[in-house]
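Take a look at this single chain in structure tokens; it is the form predicted on its own.
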């Protein structure tokens, strides 16, 4: 494994830590490649939930934009098919995912955090999308995730009008799930992930994937997904045992 992403386990929860603290965990292509390798690690594949955090003074100050200065259109498109695909891979994991955020969470780092199912921030967290000021736009799925999470009006506000948001305001607008005291984001994220890891894994996974799909589905398709998912899960040993014990 790369030194840029640490992989460890806490019970049924895998914990990935971005490790480039001297650069405030700026996300380079090497770090993206390391993160992709970490997602393939047996520790992650066998876990029931995942927490992503950052070492040092920040979750991450964002993408290492110096790597893109001399890339032409073809090179940038090739990047999104290579290491740049890791954001979407993270978003599509079948297990629940958490971003434990402290300090800066800017640009590409916020896009990575938005790919998680839940974001737990401590009081030091600072959020922002500086891409437009650099002549580009939030990418790596970030614009899409922002619209899905907050709606078009709020997404425009964050991408175009707001330079920075502190943790309290991020909670108010719905960008984060929960805010905790300074230094407590990782512990709280692991606590919540452990709670989900104790639930029937198929039910958790299918519920996550169904909710992701239903946001862009018609009512008829949504109801069909619900009914098929329920019918499949009702046949599992976990569901039968839970229903047999319900009310006893």
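Numbering follows the first chain given and starts at 1. Bear in mind that the values here come from a model prediction, so they are computed numbers and not experimental data.
Below, we turn to the form predicted together with ligand COA, even though it does not appear here.
The partner is absent here, but in the predicted complex a heavy atom of 65, alone among 44, 213, 65, 204, sits within 4.5 Å of ligand COA. This chain appears without its partner; in the predicted complex, the one residue of 39, 26, 197, 180 with a heavy atom within 4.5 Å of ligand COA is 26. At a distance threshold of 4.5 angstroms between non-hydrogen atoms, residue 57 is in contact with ligand COA in the predicted complex. Using a 4.5 angstroms threshold between heavy atoms, residue 131 counts as touching ligand COA in the predicted complex.
Contact between residue 190 and ligand COA in the predicted complex is not found at the 4.5 Å heavy atom cutoff. The closest non-hydrogen atom of residue 61 lies within 4.5 Å of ligand COA in the predicted complex. Across the options 84-92, 145-153, 98-106, 116-124, residues that bring heavy atoms within 4.5 Å of ligand COA in the predicted complex belong to 98-106. Along 141-167, a non-hydrogen atom within 4.5 Å of ligand COA in the predicted complex is carried only by 164.
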